[in-house]
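The chain below stands alone and is given as C-alpha coordinates, in the form predicted on its own.
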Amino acid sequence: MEIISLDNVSYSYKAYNDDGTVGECIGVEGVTLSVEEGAFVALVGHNGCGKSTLAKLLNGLLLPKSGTVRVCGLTTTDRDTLFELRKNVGMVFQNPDNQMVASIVEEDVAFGPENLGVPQPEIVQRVYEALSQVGMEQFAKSSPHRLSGGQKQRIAIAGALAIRPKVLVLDESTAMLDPLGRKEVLDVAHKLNAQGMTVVLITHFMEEVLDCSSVLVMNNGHLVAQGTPNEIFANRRLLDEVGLRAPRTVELADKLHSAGFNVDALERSAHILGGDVCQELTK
(Lines give C-alpha, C1' and ligand atoms only; values in the text may rest on other atoms or scores of the structure.)
Protein backbone atom coordinates (compact mmCIF):
# COMPACT_ATOMS: atom_id res chain seq x y z
CA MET A 1 0.00 0.00 0.00
CA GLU A 2 1.35 3.41 -1.00
CA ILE A 3 1.98 5.80 1.91
CA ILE A 4 4.02 8.58 0.21
CA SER A 5 3.40 9.84 -3.32
CA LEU A 6 5.00 12.74 -5.18
CA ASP A 7 3.69 13.63 -8.62
CA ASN A 8 5.89 15.96 -10.73
CA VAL A 9 6.82 18.04 -7.67
CA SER A 10 8.92 21.19 -7.99
CA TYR A 11 10.04 23.78 -5.47
CA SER A 12 12.40 26.75 -5.81
CA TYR A 13 13.91 29.27 -3.41
CA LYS A 14 14.38 32.99 -3.89
CA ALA A 15 17.92 33.85 -4.90
CA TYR A 16 19.46 37.30 -4.93
CA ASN A 17 21.75 38.01 -7.86
CA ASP A 18 24.90 40.12 -7.73
CA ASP A 19 23.09 43.00 -9.43
CA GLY A 20 20.42 43.03 -6.72
CA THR A 21 17.70 41.39 -8.78
CA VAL A 22 15.74 38.48 -7.42
CA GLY A 23 15.82 35.13 -9.18
CA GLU A 24 15.11 31.53 -8.31
CA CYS A 25 17.27 28.64 -7.18
CA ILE A 26 15.92 25.15 -7.84
CA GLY A 27 15.32 23.04 -4.75
CA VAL A 28 13.64 20.09 -6.42
CA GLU A 29 12.28 19.83 -9.94
CA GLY A 30 9.89 17.36 -11.54
CA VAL A 31 10.20 14.73 -8.82
CA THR A 32 7.84 11.77 -9.05
CA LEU A 33 8.14 8.88 -6.63
CA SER A 34 6.18 6.41 -4.55
CA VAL A 35 7.00 4.82 -1.18
CA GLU A 36 5.18 1.76 0.10
CA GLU A 37 3.98 1.52 3.68
CA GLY A 38 6.54 -0.19 5.91
CA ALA A 39 9.49 0.55 3.60
CA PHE A 40 12.91 1.73 4.76
CA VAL A 41 14.00 4.20 2.09
CA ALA A 42 17.35 5.97 1.86
CA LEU A 43 17.64 9.33 0.09
CA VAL A 44 21.19 10.15 -0.99
CA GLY A 45 23.03 12.77 -3.01
CA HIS A 46 25.75 15.40 -2.70
CA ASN A 47 25.29 18.56 -0.62
CA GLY A 48 22.75 20.92 -2.14
CA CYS A 49 21.10 18.27 -4.33
CA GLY A 50 17.64 18.77 -2.80
CA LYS A 51 17.46 16.04 -0.14
CA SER A 52 16.44 18.27 2.77
CA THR A 53 14.06 20.27 0.57
CA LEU A 54 12.33 17.03 -0.33
CA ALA A 55 12.14 16.05 3.34
CA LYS A 56 10.44 19.32 4.26
CA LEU A 57 7.96 18.87 1.44
CA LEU A 58 6.83 15.58 2.98
CA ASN A 59 5.15 17.17 5.99
CA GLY A 60 4.24 20.57 4.61
CA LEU A 61 7.08 22.59 6.09
CA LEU A 62 7.50 23.58 2.45
CA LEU A 63 4.64 23.54 -0.06
CA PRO A 64 5.35 22.62 -3.70
CA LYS A 65 5.29 25.35 -6.33
CA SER A 66 3.85 22.74 -8.68
CA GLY A 67 2.90 19.09 -8.49
CA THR A 68 1.31 17.15 -5.65
CA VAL A 69 2.70 15.72 -2.41
CA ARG A 70 0.43 13.15 -0.79
CA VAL A 71 1.19 11.36 2.50
CA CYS A 72 -1.19 8.88 4.16
CA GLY A 73 -3.78 9.88 1.59
CA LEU A 74 -3.59 13.57 2.55
CA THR A 75 -2.31 16.39 0.32
CA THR A 76 0.08 18.97 1.78
CA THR A 77 -1.59 21.87 -0.06
CA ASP A 78 -4.98 21.14 1.52
CA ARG A 79 -5.09 23.52 4.50
CA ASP A 80 -8.03 21.66 6.03
CA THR A 81 -6.02 18.46 6.47
CA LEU A 82 -2.43 19.79 6.77
CA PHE A 83 -2.45 19.57 10.58
CA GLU A 84 -3.59 15.95 10.41
CA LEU A 85 -0.92 15.18 7.80
CA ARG A 86 1.82 16.64 9.99
CA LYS A 87 0.77 14.35 12.84
CA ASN A 88 1.53 11.42 10.53
CA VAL A 89 5.09 12.53 9.66
CA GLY A 90 7.69 12.70 12.42
CA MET A 91 10.80 14.73 11.57
CA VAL A 92 14.26 14.47 13.16
CA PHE A 93 16.92 16.88 11.93
CA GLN A 94 20.70 17.07 11.93
CA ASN A 95 21.60 18.92 15.14
CA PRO A 96 20.03 17.36 18.25
CA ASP A 97 20.72 20.46 20.36
CA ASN A 98 18.48 22.53 18.08
CA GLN A 99 15.58 20.17 18.76
CA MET A 100 15.59 20.31 22.55
CA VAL A 101 12.88 22.57 24.00
CA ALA A 102 12.86 21.55 27.68
CA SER A 103 15.37 21.03 30.49
CA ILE A 104 14.08 17.56 31.39
CA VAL A 105 13.91 14.62 28.96
CA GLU A 106 10.33 13.59 29.70
CA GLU A 107 9.13 17.19 29.32
CA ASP A 108 10.91 17.45 25.99
CA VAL A 109 9.26 14.28 24.69
CA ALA A 110 5.88 15.53 25.96
CA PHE A 111 6.12 18.77 23.96
CA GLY A 112 4.57 17.34 20.77
CA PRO A 113 1.49 15.65 22.25
CA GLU A 114 0.90 18.65 24.53
CA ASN A 115 0.67 20.88 21.47
CA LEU A 116 -1.75 18.42 19.91
CA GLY A 117 -4.05 18.79 22.91
CA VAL A 118 -3.65 15.19 24.06
CA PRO A 119 -5.12 14.62 27.57
CA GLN A 120 -2.50 14.59 30.34
CA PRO A 121 -2.86 10.91 31.35
CA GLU A 122 -2.37 9.87 27.73
CA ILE A 123 0.65 12.20 27.38
CA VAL A 124 2.35 10.41 30.28
CA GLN A 125 1.66 7.08 28.62
CA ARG A 126 2.94 8.27 25.24
CA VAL A 127 6.12 9.72 26.74
CA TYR A 128 7.15 6.50 28.45
CA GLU A 129 6.15 4.37 25.48
CA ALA A 130 8.28 6.54 23.20
CA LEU A 131 11.26 6.52 25.55
CA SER A 132 10.98 2.74 25.83
CA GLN A 133 10.95 2.39 22.04
CA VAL A 134 14.32 4.17 21.79
CA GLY A 135 15.80 2.55 24.91
CA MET A 136 16.00 5.81 26.89
CA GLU A 137 13.37 5.32 29.62
CA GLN A 138 16.03 5.36 32.36
CA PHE A 139 16.91 8.94 31.37
CA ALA A 140 13.38 10.33 31.72
CA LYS A 141 14.34 12.65 34.60
CA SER A 142 17.73 13.64 33.15
CA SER A 143 18.75 16.88 31.46
CA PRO A 144 19.08 16.42 27.66
CA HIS A 145 22.21 18.56 27.64
CA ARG A 146 24.05 16.01 29.79
CA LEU A 147 23.54 13.25 27.25
CA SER A 148 25.74 12.14 24.38
CA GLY A 149 24.97 13.11 20.80
CA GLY A 150 23.52 9.69 20.02
CA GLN A 151 21.38 9.76 23.15
CA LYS A 152 20.10 13.23 22.27
CA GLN A 153 19.05 12.04 18.84
CA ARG A 154 17.27 9.08 20.39
CA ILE A 155 15.39 11.57 22.59
CA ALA A 156 14.56 13.61 19.47
CA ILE A 157 13.22 10.44 17.84
CA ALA A 158 11.18 9.73 20.99
CA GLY A 159 9.72 13.23 20.72
CA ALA A 160 8.65 12.45 17.16
CA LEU A 161 7.25 9.04 18.17
CA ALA A 162 5.14 10.61 20.93
CA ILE A 163 2.88 12.14 18.28
CA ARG A 164 2.44 8.59 16.94
CA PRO A 165 3.37 9.18 13.29
CA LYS A 166 3.13 6.62 10.52
CA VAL A 167 6.26 7.95 8.76
CA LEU A 168 9.60 8.85 10.37
CA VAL A 169 11.92 11.13 8.39
CA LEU A 170 15.54 11.28 9.55
CA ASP A 171 17.12 14.28 7.82
CA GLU A 172 20.91 13.85 8.18
CA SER A 173 20.20 12.80 11.78
CA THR A 174 23.53 10.99 12.10
CA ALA A 175 25.71 13.63 10.42
CA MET A 176 27.03 15.17 13.66
CA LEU A 177 27.45 11.91 15.58
CA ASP A 178 30.43 9.66 16.23
CA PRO A 179 30.28 6.04 14.99
CA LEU A 180 28.72 4.80 18.24
CA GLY A 181 26.06 7.52 18.16
CA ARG A 182 25.31 6.75 14.52
CA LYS A 183 24.88 3.07 15.34
CA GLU A 184 22.51 3.88 18.23
CA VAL A 185 20.26 5.99 15.99
CA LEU A 186 20.28 3.52 13.10
CA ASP A 187 19.52 0.61 15.42
CA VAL A 188 16.46 2.48 16.68
CA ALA A 189 15.35 3.31 13.12
CA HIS A 190 15.61 -0.31 12.00
CA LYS A 191 13.82 -1.52 15.13
CA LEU A 192 10.93 0.88 14.45
CA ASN A 193 10.83 -0.20 10.81
CA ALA A 194 10.68 -3.86 11.87
CA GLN A 195 7.61 -2.89 13.91
CA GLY A 196 5.94 -1.54 10.79
CA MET A 197 6.90 2.13 10.67
CA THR A 198 7.84 3.65 7.31
CA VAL A 199 11.31 5.26 7.55
CA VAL A 200 12.90 7.77 5.18
CA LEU A 201 16.63 8.10 5.91
CA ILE A 202 18.45 11.07 4.37
CA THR A 203 22.18 10.54 4.67
CA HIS A 204 25.55 11.09 3.05
CA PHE A 205 27.05 8.03 4.78
CA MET A 206 26.68 5.38 2.11
CA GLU A 207 27.33 2.58 4.60
CA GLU A 208 24.02 3.47 6.25
CA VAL A 209 21.95 2.48 3.22
CA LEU A 210 23.15 -1.13 2.94
CA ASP A 211 20.16 -2.49 4.87
CA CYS A 212 17.52 -0.21 3.30
CA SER A 213 14.77 -1.65 1.13
CA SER A 214 15.38 0.96 -1.58
CA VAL A 215 17.60 3.93 -2.40
CA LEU A 216 16.61 7.21 -4.07
CA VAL A 217 19.42 9.23 -5.67
CA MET A 218 19.10 13.01 -6.03
CA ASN A 219 21.25 15.28 -8.20
CA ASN A 220 20.76 19.02 -8.77
CA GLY A 221 17.16 18.85 -7.62
CA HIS A 222 16.21 15.87 -9.77
CA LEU A 223 15.52 12.29 -8.84
CA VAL A 224 17.99 10.53 -11.13
CA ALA A 225 17.80 6.92 -9.95
CA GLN A 226 16.01 4.57 -7.63
CA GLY A 227 16.54 0.91 -6.85
CA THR A 228 17.82 -1.55 -4.30
CA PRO A 229 21.19 -0.85 -2.65
CA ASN A 230 22.66 -3.65 -4.74
CA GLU A 231 21.42 -2.06 -7.99
CA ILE A 232 22.58 1.45 -7.05
CA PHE A 233 26.06 0.43 -5.90
CA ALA A 234 26.56 -1.73 -8.96
CA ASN A 235 26.02 1.32 -11.20
CA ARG A 236 29.45 2.92 -10.83
CA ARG A 237 28.84 5.26 -13.77
CA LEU A 238 25.83 6.73 -11.98
CA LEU A 239 27.76 7.13 -8.73
CA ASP A 240 30.58 8.93 -10.54
CA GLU A 241 28.13 11.27 -12.30
CA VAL A 242 26.44 12.35 -9.05
CA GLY A 243 29.63 12.55 -6.99
CA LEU A 244 29.00 9.54 -4.77
CA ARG A 245 30.89 6.35 -4.12
CA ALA A 246 29.91 2.91 -2.94
CA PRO A 247 30.59 2.01 0.71
CA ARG A 248 34.18 1.05 1.34
CA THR A 249 33.09 -2.45 2.29
CA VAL A 250 31.47 -2.90 -1.13
CA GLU A 251 34.53 -1.51 -2.92
CA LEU A 252 36.79 -3.83 -0.94
CA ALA A 253 34.51 -6.77 -1.64
CA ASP A 254 34.66 -5.97 -5.37
CA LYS A 255 38.46 -5.97 -5.24
CA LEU A 256 38.44 -9.27 -3.38
CA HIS A 257 36.05 -10.69 -5.96
CA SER A 258 38.33 -9.50 -8.77
CA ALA A 259 41.25 -11.16 -7.00
CA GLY A 260 39.46 -14.51 -7.06
CA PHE A 261 37.72 -14.64 -3.70
CA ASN A 262 34.20 -16.09 -3.82
CA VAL A 263 32.13 -13.22 -2.39
CA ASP A 264 28.94 -12.04 -4.04
CA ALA A 265 27.14 -8.65 -4.39
CA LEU A 266 26.01 -6.95 -1.17
CA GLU A 267 26.50 -10.21 0.69
CA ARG A 268 30.18 -9.46 0.19
CA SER A 269 29.91 -6.34 2.33
CA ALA A 270 27.89 -8.21 4.95
CA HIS A 271 30.65 -10.81 5.21
CA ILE A 272 33.26 -8.08 5.54
CA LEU A 273 31.26 -6.24 8.19
CA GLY A 274 30.87 -9.49 10.08
CA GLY A 275 34.57 -10.23 9.85
CA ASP A 276 34.14 -13.44 7.83
CA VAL A 277 36.32 -12.33 4.93
CA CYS A 278 38.97 -10.91 7.23
CA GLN A 279 39.07 -14.20 9.12
CA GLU A 280 39.42 -16.13 5.87
CA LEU A 281 42.26 -13.88 4.74
CA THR A 282 44.18 -14.37 7.98
CA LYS A 283 43.93 -18.17 8.02
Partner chain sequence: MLRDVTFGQYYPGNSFVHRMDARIKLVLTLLFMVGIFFVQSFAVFGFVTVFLLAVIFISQVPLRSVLRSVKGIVVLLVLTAVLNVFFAKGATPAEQPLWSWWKIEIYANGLKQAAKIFLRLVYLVIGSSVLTLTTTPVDLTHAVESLLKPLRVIKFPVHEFALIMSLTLSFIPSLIEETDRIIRAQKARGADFDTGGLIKRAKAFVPILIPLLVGGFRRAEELANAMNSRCYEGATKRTCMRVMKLGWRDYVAAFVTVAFFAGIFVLYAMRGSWGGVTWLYF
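Source: prediction; values computed, not measured. Positions refer to the first chain, counted from 1.
As for the form predicted together with the partner chain, it is not shown, yet the points below apply to it.
- With the partner removed from view, the residue among 213, 132, 77, 143 that has a non-hydrogen atom within 4.5 Å of the partner chain in the model of the complex turns out to be 143.
- Annotation: in the model of the complex, residues 89, 95 and 104 each come within 4.5 Å of the partner chain through at least one heavy atom.
- Residue 108 belongs to the set of residues with a heavy atom inside 4.5 Å of the partner chain in the model of the complex.
- Contact annotation for residue 65: none of its heavy atoms lies within 4.5 Å of the partner chain in the model of the complex.
- For the chain shown alone, residue 137 is not a contact residue for the partner chain in the model of the complex, no non-hydrogen atom being within 4.5 angstroms.
- Residue contact with the partner chain in the model of the complex: residue 187 places no heavy atom within 4.5 Å of it.
- Contact with the partner chain, judged by heavy atoms within 4.5 Å in the model of the complex, is confined among 53 to 61, 220 to 228, 66 to 74, 30 to 38 to 53 to 61.
- Interface residues of 158 to 178, taken as those with a heavy atom within 4.5 Å of the partner chain in the model of the complex (partner not displayed): 159, 163, in sequence order.
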